[in-house]
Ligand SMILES: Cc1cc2nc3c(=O)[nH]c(=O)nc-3n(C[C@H](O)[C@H](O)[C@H](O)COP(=O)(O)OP(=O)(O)OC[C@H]3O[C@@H](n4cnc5c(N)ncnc54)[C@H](O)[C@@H]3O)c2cc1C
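Let's start with one chain on its own, the form predicted on its own, as structure tokens.
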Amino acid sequence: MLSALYTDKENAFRDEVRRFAETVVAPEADSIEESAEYPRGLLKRVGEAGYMGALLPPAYGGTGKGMVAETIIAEEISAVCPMLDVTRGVTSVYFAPPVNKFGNDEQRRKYVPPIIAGDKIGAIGITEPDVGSDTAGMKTLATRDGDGYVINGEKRFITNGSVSDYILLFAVTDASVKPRKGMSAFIFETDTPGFSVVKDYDLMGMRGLKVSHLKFEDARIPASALLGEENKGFTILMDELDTERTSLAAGAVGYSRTAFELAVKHSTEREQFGRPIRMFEGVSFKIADMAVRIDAARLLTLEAARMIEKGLPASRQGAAAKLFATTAAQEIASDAVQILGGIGYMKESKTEQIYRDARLMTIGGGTAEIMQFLIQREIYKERGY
């Protein structure tokens, strides 16, 4: 089915990742859902298998396979355990690549290899109690003090926050200008005194995922923690967003696919009025629409991934892939529950979990509305308006 979209090497890689997901991840997925325990040991196995370093160079332990390989990993792992891929993506797609791109040799050697190996967990600290997609309101301050910085502020809804070893932390270093011009990025080690976890949020879905409220109170970090140049943090923040959105879109394709397959299987096995319910257009037309959405979401995701690999601007494509794939995932999960009926609404059904898990991703990583704003902005920009 995918041979026309992917190279033979890419298809072979998908088979490899799928086998890993089915044999290593799937047996633990139900226990993660039931216990809501963070699967640090399983994430370590993902690292050992080489699936944390697709966007990172072999010099530091990565595979350097690129963005298409990253989307394959995201889709296949999400198909069996959505929350595992979200936590994997935050540490290996959001945290590590900016460190690799903007960091100095010492920073790359210290922070990138343990992330790739799965020994350490990364997070990205942007959102605050009063700041979401509008980073212009950022209030967390990094004040220069002697040979270091003192951090004061709060971050909220930080995925991996309470379990992270390192946070790619964005803070204001020049309060006399707008935050976008006075923002810096830091590699913050969470064993630093003054750092605390206020709480982990109890989520509707993605059980086991740690999304946290964090506080920084006179947390002193060395000057060597600065990533890139002072007051140039906004450039770093914007640089990773296309890859983030494309990876999230691929994950949505993965759990959409699982909901779809469950619906197809049930529609052939469940009989009403003497025949399988797939014979009724009210069911079979839903199946058709689900398949079209998945195919379209994968195509949009693949286009964004290939553009990123070619070094082309992909802001519109990444936003479009995330918007369509995550919105489609909600619709597909809802249709799957409907097709399975009462069984689909039960906790014993995977569709119930996917229905809850899918709901997060039109919010996290940039809301659907923000994606729409970005898409229209890029459309006009491309036309010179």
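Everything quoted here is computed from the prediction, not taken from an experiment. Don't overthink the numbering: it's just position in the shown sequence, from 1.
As for the form predicted in complex with this ligand, it is not shown, yet the points below apply to it.
Interface residue remark: residue 11 is not counted as part of the site for this ligand in the predicted complex, having no heavy atom within 4.5 Å. Interface membership of residue 157, defined by any non-hydrogen atom within 4.5 Å of this ligand in the predicted complex, is confirmed. This ligand is not shown here, but in the predicted complex it comes within 4.5 Å of a heavy atom of residue 369.
Remark: residue 77 does not count among the residues lining this ligand in the predicted complex, judged by a heavy atom distance of 4.5 Å or less. Only one listed stretch (299 to 307, 274 to 282, 257 to 265, 128 to 136) carries heavy atoms within 4.5 Å of this ligand in the predicted complex, and that stretch is 128 to 136. None of 99, 211, 151, 172 but one reaches within 4.5 angstroms of this ligand in the predicted complex through a heavy atom, and that residue is 211.
124 is the sole member of 142, 115, 253, 124 with a non-hydrogen atom lying within 4.5 angstroms of this ligand in the predicted complex.
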